[in-house]
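The data below hold one chain only, encoded as structure tokens and taken in the form predicted alone.
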């Protein structure tokens, strides 16, 4: 195989497939990138057996063929090169030469026959979504995705497409985030649990595409955007019934400027060390939301915000990092905080909307 390609275009393609490289030392082939040249295209593939990524770029193919090159090393080499044509020449001996200007590298390759075949997914349902809308909703819910592999279902995001609505839900059992957006031209239905990491990767990779299509088969989810195909396994199992978890009754509702609340939480949280919670005290007569945090042998902090209050006075405490996450991803100028009691979950919403719901378990006050 011998091919010549613009350094910038090659680097873009490598940056995409690098997301699929495996760090498993027991299977060295998975740390490689499958490179094949045919016609006027250079096609790159990677997989860690959980996700598989394929993308292509235009190239001058002098000799068609295929090989598997060390993924991270190739990425690092191309990143270090000047902006010029890059030549990749794989000889009969299995050695690849990478040449750009006066720079020359040689590296050992692996057999393309040993590389796993790219999944052929026959999607039962396929829908198209604007990539910016998709990325926005993934960004909002990803904070609540669990990193605990002992409960695999919680490491995924429930993706629901119903009519013109795209909804995603994530929970780590301490907080739950639901985000919904109306997408014009969307039709059909889909409900699938997708690994959170895969969704985050797709959202980042698809930023330059106008739209992406989402297809679902029995065991896999396929995302297509631009010249890239991204296949991920589905997570099997029943996602928690999120609607049952969201309180229907509210005793206290506070509307507050989002920017002011965000800044206040950041300041007060400086004294919420060693997992100390942040306290929220609501005083209706004074129209005040008081934030407080205290760490023994360190100090304490308090701050008052003028807010609009409906309902009873109440005091509740939350994990300060989880509270900060919820406020930081909410959109809109004002946030509504809804409280049932100090021992029941609190809710963050964008004021006047049900399209964003962030449920947060309270910390018991001592």
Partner chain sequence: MDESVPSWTGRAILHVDMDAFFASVEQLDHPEWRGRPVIVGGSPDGRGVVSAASYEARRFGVRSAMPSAQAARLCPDAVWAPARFDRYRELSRAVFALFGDITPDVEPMSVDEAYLDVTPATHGEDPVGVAQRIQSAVDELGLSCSIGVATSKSVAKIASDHRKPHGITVVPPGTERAFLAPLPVTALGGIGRSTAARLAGVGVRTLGDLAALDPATAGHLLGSAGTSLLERARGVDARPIDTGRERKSVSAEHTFSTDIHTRDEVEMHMRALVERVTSRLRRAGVAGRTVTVKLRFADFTTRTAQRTLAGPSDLGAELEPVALELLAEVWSVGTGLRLLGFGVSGLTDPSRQLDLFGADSDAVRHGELMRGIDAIRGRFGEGSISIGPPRRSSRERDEG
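Fair warning: this is a prediction, and the values are worked out from it, not measured in the lab. Numbering follows the first chain given and starts at 1.
The discussion below concerns the form predicted in complex with its partner chain, not included here.
- When its partner chain is considered in the predicted complex, residue 174 lines it closely, a heavy atom lying within 4.5 Å.
- Under a 4.5 angstroms non-hydrogen atom cutoff, its partner chain in the predicted complex has residue 361 among its neighbouring residues.
- The closest heavy atom approach of residue 245 to its partner chain in the predicted complex falls within 4.5 Å.
- Looking at residue 154, you'd find a heavy atom of it within 4.5 angstroms of its partner chain in the predicted complex.
- Considering its partner chain in the predicted complex, the lone stretch of 28-36, 305-313, 55-63, 318-326 in range is 318-326 [heavy atom distance within 4.5 Å].
- For the marked spot (276, 345 and 365), a heavy atom within 4.5 Å of its partner chain in the predicted complex is present in each of the three residues.
- Put simply, of 119, 91, 284, 240 only one has a heavy atom within 4.5 Å of its partner chain in the predicted complex, and it is 240.
- Between the options 104, 207, 150, 296, the residue in contact with its partner chain in the predicted complex by a heavy atom within 4.5 angstroms is 296.
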